[in-house]
Ligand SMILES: Cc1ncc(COP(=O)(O)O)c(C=O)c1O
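One chain follows as structure tokens, the form predicted alone.
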């Protein structure tokens, strides 16, 4: 077969398949048609190297090394202005090309080889970019893990204070990949002051909830830096961003460019700008529905016999639900059988797992942001929980459940909370 046709066929196969799936990976989302228009525009062909410069129409613009950026300058200035307002930040840098790179920018700007950083361990929800196995290790940072309360699924504040005073990390990281409840920024700000540490909040998973006022307010609660990707609960294209207090602006900007990147991805910045406009208009309603859906799905799963974590706390305050499936086959078996029924989720380590269990961990992680984005609400969450029970608990063949999943999904293929209409 002609390679071009083969690739087109695979694209069509992917889109046909996933349009018939319940896509519930907690780190994915759909962009609107308006955002897709932005990322397929001419900006995707162009370069714009350079740093902050003067102003155009009262908007900050840039001194560039290439010509041909006069229109992009205005777009990026608008995106910075909107995002600083939406996230209550004193400065925004839109150069990072992913959330992990945004974290690396922060490390490169504010830490030196051999410095310590504190964060969650991977089984407790920390992202790999918070550890020596990934970008932190590349520049020689040493991580220390916060004591974790497995029942509360959160940092143990009292024990963390003791650890921080003893170890004195340069950067204190909050946020994570398994992120059910707000982290204790206020409670640990005094310790950060005492040990002269920078408080960094990785908001990659919850940026859309923060934008909608439904999770926590990192800067108001003590954070110095907010890093993020732009495509999980925040429904933009894949990319990264660093927000910071004014006193860190120069170091962050220089670490991003020319420190770690040359040209940033202009079409993604433009897509992010469109998504910012959408979230300023629809973000609160969207975030509220995500959290409602998460709680109803978690409660229904619990009532149907699943070991959903944190029943005593209402299960979750985010887009995520964590379920211990160790007694019904483990994470790998569950996610593979769900995929056979067109329900797409991921297996996930839980705090009591070792890293050796990565292949078949105790848990699964379910995200509601994408199904919310296509208009599903509480009644659909109850239906989804029933699908999951039929497979994981009742032992029904996934192929039979798949028929019902496809029938349900046919009514939900339009993106909501956006300007597409």
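Numbering follows the first chain given and starts at 1. As the structure is a prediction and not an experimental result, all values here were calculated from the model.
Just so you know, the form predicted in complex with this ligand exists too; it's not on screen, but the next bit is about it.
- Among residues of the shown chain, residue 208 is not one whose heavy atoms approach this ligand to within 4.5 Å in the predicted bound form.
- In the predicted bound form, this ligand sits beyond 4.5 Å of every heavy atom of residue 163.
- Taking the partner from the other structure, this ligand in the predicted bound form has no heavy atom within 4.5 Å of any heavy atom of residue 118.
- Mapping the unseen interface onto this chain, residue 212 falls outside it, with no heavy atom inside 4.5 Å of this ligand in the predicted bound form.
- You can rule out all but one of 337-345, 110-118, 279-287, 173-181: in the predicted bound form, only 173-181 has residues with a heavy atom within 4.5 Å of this ligand.
- For the options 99, 218, 271, 235, the one in contact with this ligand in the predicted bound form, meaning a heavy atom within 4.5 Å, is 99.
- 204 is the sole member of 105, 226, 95, 204 with a non-hydrogen atom within 4.5 Å of this ligand in the predicted bound form.
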